[in-house]
Structures are given as structure tokens and as C-alpha cells.
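Here you'll find one protein chain in two forms, each presented separately as C-alpha cells under the names structure 1 and structure 2.
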Structure 1
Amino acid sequence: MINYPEALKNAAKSMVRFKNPDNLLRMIVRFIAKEIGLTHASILVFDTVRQRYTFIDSRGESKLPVHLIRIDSDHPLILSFMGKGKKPHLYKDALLLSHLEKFVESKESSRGIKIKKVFDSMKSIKASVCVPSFYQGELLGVLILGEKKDRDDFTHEELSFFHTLASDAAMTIKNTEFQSQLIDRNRQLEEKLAEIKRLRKKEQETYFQIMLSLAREVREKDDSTFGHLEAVEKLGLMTAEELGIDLSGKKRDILIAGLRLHDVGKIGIPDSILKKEDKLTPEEWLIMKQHVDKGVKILEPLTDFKDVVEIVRCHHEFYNGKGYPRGLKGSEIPIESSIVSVVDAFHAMISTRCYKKGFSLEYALGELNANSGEQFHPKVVEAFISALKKNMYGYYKSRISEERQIQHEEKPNTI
């Protein structure tokens, strides 16, 4: 004799243990088939994807071929549990073959015909009892049980035991299903977010590429010096390394972008000012100085490159606070901006433009030293010169002497 309360307690304990409801359902089926001595015990579960019922498991000597059969949602067996009102064909909320038999005899009525269908389909799946697994009005599954091997009728106690198991099972199914739906929804959201991030990054990168080509255009338009941006980048990186600045990860890219894009705002400065060979009037100077703010405006949409915008914004600030646009001084100026300022000035001085020849290397370095602590950050000047001497002094020396024949006396413009 089975101690039903004890069995229920054990089953409840097991339910907590099973993460996969299928395993729990299999356990229930095995338990019933074996302990109660049924010809078979099987369980149908609603497949939410295909909207039909399929067998999870079947146990016992006359078990069902679980992969062969499905039960559609509009199957008489399923419908017999549905709908509101009294259902006299059910016995204690379950389908009992012996109970249905009484109705089958009066098969004149349309209800009689329906019940005959239920009866026949129960027989075809060798079911004596079908116990529904409801959860908040949803039929999540059906426990399908064969007859007792000793051919006895089911007792009240057994039937209520099946009910408890079936409804506990439904709760477990719903729980795991609900959780997996939550997990699914979270995953979908995450995928969407990742997609947006990816697109945004791509957009930013595209924008960044456009900026770079803009910067190149500006340079070519400005002073027709090929390779200025590349040289500024190389010299700037060299200086930063000499200074021992952290260039890990994105930081290197940020510095490179700053070095390349600092004058991108010149795209908004009229050619008449940009290409003017004579000295600029005070009014023209005011316009020229706007290239900083214009550059900031162009770069602001690059939210991933906030630091780049800052470098650009400060590349004409002076160490002594007499620069523009904000008159920042010393450590208020990002060190990257100070690097841009030094290397850009240096390269502008030594470059030969269409309207002037480049200065000598000695002159350019002399200018940097002379303005160190005034326009330029002294540590940056020091690091730049030391890095240049280590790496590229010879290169610039020979290049400049080739290009240069006349030494200008005039002080260079370092816009």
C-alpha cells in the first residue's frame, strides 16, 4: 500500500530539484506506472511553439510510442476539459473511461456523439484515466494513465493523488516556461542593444573616417604639404611615448585622432583667409581663430571620441594662458593638446609651402625652446626634442637641407 501523503511530499521535494520540467514529468510518470502498478502512464504536454500536445514520456508494459502520436488542440480529448459550466462527462475533473461509458450508450444527442469520440480516442491511446494539468485556466498537460494491472477501479484517494501531481507538474512547467520566456526576452533585448551598439559604432567609425579625409582635404587646401598629417601623427606619438603617457587601448587612437583632426575646423574658414600669403588683418585673425570652435562642432557628434574633441578644443591654448579660445594654462590644458601644439608648430616651421620655404631644423628647435614655458609646455618641448634626436634627427636634417636654400628671418605662423 502506498502512503500517498508521503509520496506527495517526496514528489514535491523532487520538483524543487528539477530544473528541467521534462525530467520531473518523467519522474512522475515512472513513479505512477511502477508504484501504482499501471499498464502504462504517459504525459502529454502543450508545445507552445507548435500549439499542440505531444508526449514527453510513456512508461509501463503497454507504453505508447511517444514520438509517433500528437494530440491537436482541437482534439475531442482536449476540448472535453475546456469551456465553462458543468461537465458531467468528467468525474472529479478527470476523464474516466468507466464513467464515460454511461454516456456513450445514449449516443443520439450531439453531446453523445462528442463523448463517443472522446471515448474512442481514449481507447486508442489505451487510457483509463486522463487527468488535466491546469494552471490558471491554461491546460498545460494531461496525465494519461492505463488501467491497473489488477483491473481494479481507481480509488478516490488515487484519483486525488493524480490530481495533486498533475497540478504541481503544471506549476513546474509554467514556472520553467515562464523563466525561459524571461530569459528569451532578455536575450532578445540584449541582442537588440548589441545590434544598436554595433550600428552606432559603425556609424561613428564611418563618421571618423569622413573626418580623417576631411582633415586631409583641409591640409592639402591649407598648405599643400603632403604628409603633414602623417608626420604630425608620427612625431606626436613619439613625443607621447617619450613622456611616458599611457597609450594602452583606445588612448592611442584618441591621441592619433587628435593629432590628425585638430585643424578639421578649417574646412569652415574661407579660402581667401586660409590661403592668404600676406599677413592677416585683425578681423581675419578673428575668423581664423574660429577654426577651433568649428572643429569642435564638427567632431561633437562623435560621442565615442569625447577626448578627441577636448584635444581639438585646446590645441591653441598656450602654456602661459595667453592662447585661445579659453585662455587655459599649464595643467588645465590636456597634455595631448600640448603635444599637438608642439609637433604641429614644428612641422609647420620646417615645411616648405607654396609661398615660403621651410626653416632649418636648428631654427625650428630654437623657436620651440624659445617659446618653451610660454606658448609651449616645457616638458613636451623637452620630450619632443629628445625623441626627435633619438629617432628622426638625421632624417629631418637631410630632408630639410635638400628642400631649403634660404633661411627666413620672419617668425612663422603657427595656426
Structure 2
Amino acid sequence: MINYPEALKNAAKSMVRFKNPDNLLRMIVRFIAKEIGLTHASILVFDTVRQRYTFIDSRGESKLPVHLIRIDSDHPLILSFMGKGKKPHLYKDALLLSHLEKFVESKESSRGIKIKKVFDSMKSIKASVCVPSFYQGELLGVLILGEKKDRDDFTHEELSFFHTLASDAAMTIKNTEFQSQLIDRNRQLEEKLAEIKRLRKKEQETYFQIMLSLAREVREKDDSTFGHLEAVEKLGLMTAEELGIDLSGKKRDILIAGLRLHDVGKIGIPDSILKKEDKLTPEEWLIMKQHVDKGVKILEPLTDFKDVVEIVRCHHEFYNGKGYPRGLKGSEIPIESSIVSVVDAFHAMISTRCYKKGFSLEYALGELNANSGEQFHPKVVEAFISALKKNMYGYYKSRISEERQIQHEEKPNTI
């Protein structure tokens, strides 16, 4: 004797484990055919692609040739469940062949003819009981059961069991369908987001290249052809490595961008100030200092390089707090900005510009040491000089010509 409440409880637990609805339905068919002792048990499910009801499985001694049977939405059996209003031929939420027999006599009436079609349809698929599986008024499928092997009638408890099992299965199927749709929508969303990210990255890269072009244009206006940007980048990376700064992944790109783009705001400074051979007046210095804020505004669209904007914003801050534009000091200044400050000042000192000749290597290093702890971060100065002597001292010594080695020259404008 089957304990139906316990069977339903165990079936509910099993349903949770099934991610494929078809496997769940096959499990239900196998269970009913075996435990109830039927000639066959089959299940119909609505196929949204073909727009018809198809057999998922059939089990038992008299199982149906499921691949040979077609059940369209206008099939009498389907229509018997889909009609509106009360359905007097339904018994205990199920369609019983034995219950329909008494209506067949009245086949002259339109109602009798319809019932006869349903009766004949059930006979053709050897169905003694048909149990609909509904979800919010939608007929998802039909559980089709053959005769009991012992020829007994189906009890009220059994019919109630079939109805509850079919309803639970419908709920599980629909939940699985919702989950599948959700996963599919999430996948589509992820694909769209990935495409947006790709386009955004391409846009950022394009904008970054434009900024580099602007930076080169600034140096062509403001500097000699000594390769300032390339040299500052190399010196900056060398100093960062000497300091033990982690340059893995994006950190290296951020530092390089800061070294290349620190003076991009000078594109907005008049040539009359950039190329002025005499010392700048106080009013002109105020205009020159604006290149920091101009650079920040130019770079703000580079949202993937927010740290670069901060490096540019702080590269004229002094270690002692007397720099600009915010008067930051010490550890308040990003270490990358301090690196830019040191290497940019060094290379500016040894380079010939429109308003001055290049200084000697010894003079430039002396100035860095003299301003260590004041304008420059002392640890950065120490690391820079150490790295320079290890790697490039001889190179710069040979590159600086006798004409540019003017000892004890007046200190150049520092911006």
C-alpha cells in the first residue's frame, strides 16, 4: 500500500534536484507506472516551438509509440481542458474514461458529440485517466494513465495524488523555465555589457592616443628635440623600480600615462608665455600655473585612468606644502606625482630650451639634492640618483655637450 502523502513529499524533494524538466517528467512517469501498477503511464507537454503537445515519455507493458502520435492544440482531448466555465465531465480534477461512458448515450446533442470525441480520443491512446497540469490557467501538459493491472477502479486518494503531483510538476517546470529565461536574459545582458565595455575601451584608447599627440605637440612647442617625453618615461620607470613600487598590471600603464601626460594642459597656454625667453611676470606665472587644471579637465574623460588625473593634478605639489594647485605636502602627494616632479625637473634642467641653455649633469643632480625635502620627495630623489648612476649616468654624461655644460648658471624658471 502506497503512503501517498509520503510519496508526494519525496517527489517534491526530487523535483528540486532536477534542472532539466524532461528528466523530471520521466521520473514521474516511471514512478507512477511502477508503484501504482499500470498498463502504461505517459505524459504530454506543450512544445512552444512546434506549438503542439508532444509526448516526453511513456512507460509500462502497453506503453505508447510516442513518436508516432501527434496531439495538436485543437485535439478534442486538449480542448476538453481548455474550455471556459464548469466542465461536468471532469471528475476530481481528472478526466476518467469510465465517467465519460455514461455521456456517450446523448451523442445527438452537441455536448454529447464533443464528449464522444473526447471518449474516442482517450480510447485511441488507451487512457483510463487524464490529469491536466496547469500553471496560472496555462495547460502545460497532460498526465495520461492506462488501466490498473488488477482492474480496480482508481480511488479518490489516487486521483488526488495524481492531481497534486501534476500541479507540483507544473510549478517545477515553470520555475525551471523562468530560471532558464533569466539565465538567457543575463547572458544577453552580459554580452551587451561586454560589447559596451569593448567599445568604451576602444573609445578610451582612442582618446588616450589623442592625449599623447597633444602632449607631443606641447613638447614640440615648449622643448627642444631632445626626446623629453620618452626620456621622462624611462627615468620615471627606473626610479619607481628603484623605490620598489609594484608596477604589475595596470599600475605600470598608469605611471607611464602620468609621465607622458603631466604637461598636456600646456596646450591651452599661449605660445607667448611658453616660448618667452625672459623670466615670466607674476601675471604670466599665474597663467602658466593654470596648465595643471587645464590638464586635469582634458584628462577627466579618461575614466579608466582616474589615477592618472590625480598624478597630473599633483605633479607640481612640493614636499614641503608650498607647491600648487592645492598646497599638499608629504604623504598627501601621490608617490607617482613625486616621481614625475623629480624626473621632469631633472630632464628640464639638462635640456636646452628657448629661454635657457641646458645645465650640466652635476649641476642638475646638485639642484635635486639641494631641494630634497623641500620641493622634492627625499626618498624619490635618493632613488632617482641611485638608479641614474646604476643605469644611465654615462649615457647622459656623453649626451650633454660642452656647450650645454654651463656651470653655476642662474637657476632656471621652475614651473
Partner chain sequence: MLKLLVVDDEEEICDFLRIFFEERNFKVSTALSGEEALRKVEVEQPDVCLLDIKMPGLDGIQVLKEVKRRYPKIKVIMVTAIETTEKIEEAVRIGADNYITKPLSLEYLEKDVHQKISDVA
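The structure presented is a predicted model; accordingly, all values stated were derived computationally and were not measured. Here the rigid core means the biggest group of C-alpha atoms that line up within 1.5 Å when the two forms are laid on top of each other. When a residue number appears, read it as a position in the sequence of structure 1, where counting begins at 1.
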Displayed copy of the chain that is the form predicted together with its partner chain = 1
Core fit, then Phe162 C-alpha moves 2 Å or more between structures 1 and 2 | yes
Tell me, please, whether between structures 1 and 2 the C-alpha of Arg260 is shifted by 2 Å or more, with the rigid core used for superposition.
-> no
Core superposition between structures 1 and 2, C-alpha change of Glu35 at least 2 Å = yes
Could you tell me how many Å the Cα atom of Cys130 shifts between structures 1 and 2 when the rigid core is held superposed?
-> 11.3
With the two forms matched on the core, what distance in Å separates the two CA positions of Met171 between structures 1 and 2?
-> 6.9
